[in-house]
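Starting off, we have a lone chain in the form predicted alone, written out as structure tokens.
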């Protein structure tokens, strides 16, 4: 499986609103912790180390 960077989320605006809402009222540290937990949950769901490595490289280069 290759990393898919094409738009793939149904109702992306709705998801973005949910993401922002999840951070509403959190301190900076709690917001960072939420992002870390979310990242680890999604990485576990993906489960493919090659895809995760591609995603890390893309995010590091700002390719997303």
Partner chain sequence: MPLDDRYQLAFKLYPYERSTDQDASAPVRHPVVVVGGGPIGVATALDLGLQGIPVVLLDDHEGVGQGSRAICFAKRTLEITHRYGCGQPMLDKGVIWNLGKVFHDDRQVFEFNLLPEQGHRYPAFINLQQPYFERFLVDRVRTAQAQGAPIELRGKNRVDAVDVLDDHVILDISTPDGPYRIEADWLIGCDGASSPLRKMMGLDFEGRVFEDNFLIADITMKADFPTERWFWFEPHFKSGDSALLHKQPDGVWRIDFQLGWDIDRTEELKEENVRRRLDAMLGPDVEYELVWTSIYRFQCRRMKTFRQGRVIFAGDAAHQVSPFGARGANSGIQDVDNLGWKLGLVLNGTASESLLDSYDVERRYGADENILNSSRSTDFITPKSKISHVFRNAVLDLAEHHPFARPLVNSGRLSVPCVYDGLPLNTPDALPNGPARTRPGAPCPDAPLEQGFLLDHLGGDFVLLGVGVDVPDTISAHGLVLRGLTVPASGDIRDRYLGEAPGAVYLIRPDQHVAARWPAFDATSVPKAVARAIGKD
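On a predicted model such as this, the values are computed, not experimentally measured, just so you know. Numbering follows the first chain given and starts at 1.
Just so it is clear, the following notes concern the form predicted in complex with its partner chain, a form of the same protein that is not shown.
- In the predicted complex, no heavy atom of residue 40 sits within 4.5 Å of its partner chain.
- Mapping the unseen interface onto this chain, residue 47 falls outside it, with no heavy atom inside 4.5 Å of its partner chain in the predicted complex.
- Its partner chain is not shown here, but in the predicted complex it comes within 4.5 Å of a heavy atom of residue 19.
- The partner is not shown here, but in the predicted complex the stretch 8 to 32 reaches within 4.5 angstroms of its partner chain through a heavy atom at 11, 12, 13, 14, 15, 16, 17, 19, 20, 23, 28, 31.
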